[in-house]
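There is one chain below, alone, in structure tokens, taken in the form predicted on its own.
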Amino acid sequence: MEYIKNFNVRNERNLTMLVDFYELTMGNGYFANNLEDKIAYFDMFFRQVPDEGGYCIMAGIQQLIEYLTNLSFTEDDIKYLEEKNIFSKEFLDYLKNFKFTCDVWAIPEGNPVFPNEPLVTVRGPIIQAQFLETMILLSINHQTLIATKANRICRAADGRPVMEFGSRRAQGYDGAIYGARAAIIGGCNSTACTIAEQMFGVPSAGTMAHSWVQLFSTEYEAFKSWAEVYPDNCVLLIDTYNVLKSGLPNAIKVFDEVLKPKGYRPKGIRIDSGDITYLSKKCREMLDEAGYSDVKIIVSNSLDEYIIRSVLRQGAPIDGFGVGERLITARSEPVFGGVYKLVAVEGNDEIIPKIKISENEEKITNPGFKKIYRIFDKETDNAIADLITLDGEKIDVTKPLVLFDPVFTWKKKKIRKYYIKDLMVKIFDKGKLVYECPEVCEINKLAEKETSRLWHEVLRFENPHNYYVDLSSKLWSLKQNLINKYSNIYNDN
């Protein structure tokens, strides 16, 4: 199906000003101190997997690209800032003639990602790199959160199709549309959000609402009318009144009297309330007895990965799931805590690493301009660990590789039969877009493939194995030296 390439929900909105105000005040301050051209490096990363899971699914790069390629300040933007009476004329003139010139690297969408590794790295003039903070976090945080939740739900469904049904409960229309996109990346096979198909070429799907059944004088008449309109794709919602005493008997009657005589087979029934384990078992028995063993049973109603896994363990013969509010809002943990931190600056023709130190060990940043390698086992093709190195480091894959825990450094592992993959790709080169995002359905396939390369222990819902994100010896030493340097400065009596 044709869809509208590059169509986005911005509807001509200029989102350049979707920034935290301090990014503008800092920009003005950089300009006042002649620092606007100082080259800086920022990393976007997260510290904790939602739902105490073992991994996340990267998403949101396409929308970040759309933002970065449309960065420009309108006359109204400049007028608004002038009226604040805190910005210098020189700074406002700079914004009037703004031209994006940063380099941007990112892990492509669909890849599993883990805490404390850069998902996006920006290099460029500090005034620009700082300005991008809000939209980088907004784009990646939201879609990565929803893609991760969708992936968990789809794994719980164990190969059964999952349809995203959440638009009406999403946090605004951007949340509905981009949430639907992220849900497809995470593993859903379709969405009820029609505009998502129009924009991204992803499959849309839907059946009927209870209002259709209520509108007719009888449930049988409602089902009959639907079957006559959609004989080749007939799915009936059977819980408006009573699933077993009314809904399913009327559905089977319509299958017998309307579809079968015309040579059509019904596609399915949907249950949206009640004890779905009990009802699905009873419906399966009745459908099979009536000669409709091929008719699918689809369920909805406030589902998530835990409920889906539970009903399947109870033997519920369910063929597909419609998941709404708990997916589109990631209700169990609706915040993805990505952060954006300065990690280096350039000066005297060298990269000068920067670090943020905290009394909380997990909040101490990894300094410097870095690369990320995923280490794969040659025999199993499974991912062993991710290794963060300084940019100039090389890994000699002909030699054994020693990995060590960056906190508990005595924990070491020597790997002999392995290969590596450089995770990050360049998105922008000096402000010019140099990367083409795959289509959403391609990203869906990539996510499925790459997730399958994680060990089952990492994919567990309860107490998943900790996937290791290790530092090279050079990066670890650099980090420790900087920690010692600043500790000595501020602890010196």
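Counting begins at 1, following the sequence as shown. This structure is a prediction, so every number in the text was calculated from the model and none was measured.
Keep in mind the form predicted in complex with another copy of the chain is missing from the figure; the text below concerns it.
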_Taking another copy of the chain as it sits in the predicted bound form, is residue 33 in contact with it (heavy atom to heavy atom, 4.5 Å or less)?_
yes
*Distance check, residue 357 to another copy of the chain in the predicted bound form, heavy atom within 4.5 Å*: yes
*Report whether the minimum heavy atom distance between residue 207 and another copy of the chain in the predicted bound form is within 4.5 Å.*
yes
*So in the predicted bound form, does residue 176 come within 4.5 Å of another copy of the chain, heavy atom to heavy atom?*
yes
_Can you work out which of 319, 405, 133, 377 has a heavy atom no more than 4.5 Å from another copy of the chain in the predicted bound form?_
133
_Under a 4.5 angstroms heavy atom criterion, identify the one residue in 314, 409, 194, 382 near another copy of the chain in the predicted bound form._
194
_Three-residue site 292, 347 and 441 fully in contact with another copy of the chain in the predicted bound form at 4.5 Å by heavy atom_ = no
_Candidate stretches 78 to 86, 303 to 311, 253 to 261, 95 to 103, one within 4.5 Å of another copy of the chain in the predicted bound form by heavy atom_ = 78 to 86
*asked:* Residue by residue through 21 to 46, which ones have a non-hydrogen atom no more than 4.5 angstroms from another copy of the chain in the predicted bound form?
replied: 21, 22, 23, 24, 25, 26, 28, 29, 30, 32, 33, 35, 38, 42
